[in-house]
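Before any questions on binding or motion, here is one chain by itself as structure tokens, the form predicted on its own.
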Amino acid sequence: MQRPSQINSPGTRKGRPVSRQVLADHVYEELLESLMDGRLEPGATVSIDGTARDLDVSPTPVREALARLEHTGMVRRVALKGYRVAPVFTREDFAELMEARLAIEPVNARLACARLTPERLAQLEQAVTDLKTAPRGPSFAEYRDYLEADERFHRLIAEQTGNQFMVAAYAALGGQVQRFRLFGGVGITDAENAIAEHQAVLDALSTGDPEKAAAAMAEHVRKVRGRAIADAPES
């Protein structure tokens, strides 16, 4: 396994033990950065014990972090062999992903609009503001805040539906977008268009018209699909 960047003394903080959840979050972020920056390549084995040694933690938070990454599709668990980095995300894979998002996210927007609270609207507005101001440099460390704001906007809408199954359906798909950005080699190439589309979705939600919100979200997903497929590798 290629070595992820080191976490400095994760086991303690100012003399106090750090919780297992905090450790798992640290490990998750380190592995995600190694994946997004290409230090862990498609097909590479991710050793639980080796990662634990590299990051000076026990194997338990590594297992928890890898289980989270498995849900994004970025790593896969292989029976009796542990975890491997997922294969390259193809143009065909992305087309299928976007078909699924088109089936789910406009419905999320319609349901969320019908029950939107001032507090949730303010959170969505903040997500769009953060998207506009986030750096978008070439390395993952420089564009991770952009991806976080993008994902947060869509997740907040899913959560506002009040439907646990819609939330779970979105969660199963949302992480796959990061996998596509990693293995599709497209990075952040469509920021200005995407920001304008997020603003349009926000504006539609603000009107209180569920059908306008659904239409704006469908338009956003369709445009993302068109831009990304044009940039993605054939296989």
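Under this definition, the rigid core comprises the largest set of C-alpha atoms superposing within 1.5 Å between the forms. Computed from a predicted model, the values in this text were never measured in an experiment. Start at 1 and count along the sequence shown; that's the residue number.
Omitted here: the form predicted together with a further copy of the same chain. The next part is about that form.
Participant: Check residue 129 for me: does it contact a further copy of the same chain in the model of the complex (non-hydrogen atoms, 4.5 angstroms)?
Facilitator: No, residue 129 sits far enough from a further copy of the same chain in the model of the complex that none of its heavy atoms falls within 4.5 Å.
Participant: Can any non-hydrogen atom of residue 52 be found within 4.5 angstroms of a further copy of the same chain in the model of the complex?
Facilitator: Contact check for residue 52: no, nothing within 4.5 Å of a further copy of the same chain in the model of the complex.
Participant: Is there a heavy atom of residue 103 lying 4.5 Å or less from a heavy atom of a further copy of the same chain in the model of the complex?
Facilitator: Yes, residue 103 lies within 4.5 Å of a further copy of the same chain in the model of the complex.
Participant: Does any heavy atom of residue 123 come within 4.5 Å of a heavy atom of a further copy of the same chain in the model of the complex?
Facilitator: Contact with a further copy of the same chain, no.
Participant: So, 144, 152 and 197: all three within 4.5 Å of a further copy of the same chain in the model of the complex by heavy atoms, or not?
Facilitator: No.
Participant: What is the one choice in 191, 202, 166, 44 with a heavy atom within 4.5 Å of a further copy of the same chain in the model of the complex?
Facilitator: Here the answer is residue option 166.
Participant: Just to be sure I understand the contacts: of 107, 134, 156, 116, which is the one whose heavy atoms reach within 4.5 angstroms of a further copy of the same chain in the model of the complex?
Facilitator: The option sitting close enough to the partner is 107.
Participant: Does anything in 81 to 116 come within 4.5 Å of a further copy of the same chain in the model of the complex by heavy atoms, and if so which residues, in order?
Facilitator: If the 4.5 Å heavy-atom criterion is applied to a further copy of the same chain in the model of the complex, 81 to 116 yields 83, 89, 93, 96, 97, 99, 100, 103, 104, 107, 111.
Participant: After a rigid core superposition, would you say the CA of residue 123 moves by 2 angstroms or more between the shown form and the other one, or not?
Facilitator: False for residue 123: its C-alpha shift is below 2 Å.
Participant: Taking the rigid core as the reference frame, tell me whether residue 90 has a CA displacement of 2 angstroms or more between the shown form and the other one.
Facilitator: False for residue 90: its C-alpha shift is below 2 Å.
Participant: With both forms fitted on the core, give yes or no for whether the Cα of residue 74 moves by 2 angstroms or more between the shown form and the other one.
Facilitator: Yes.
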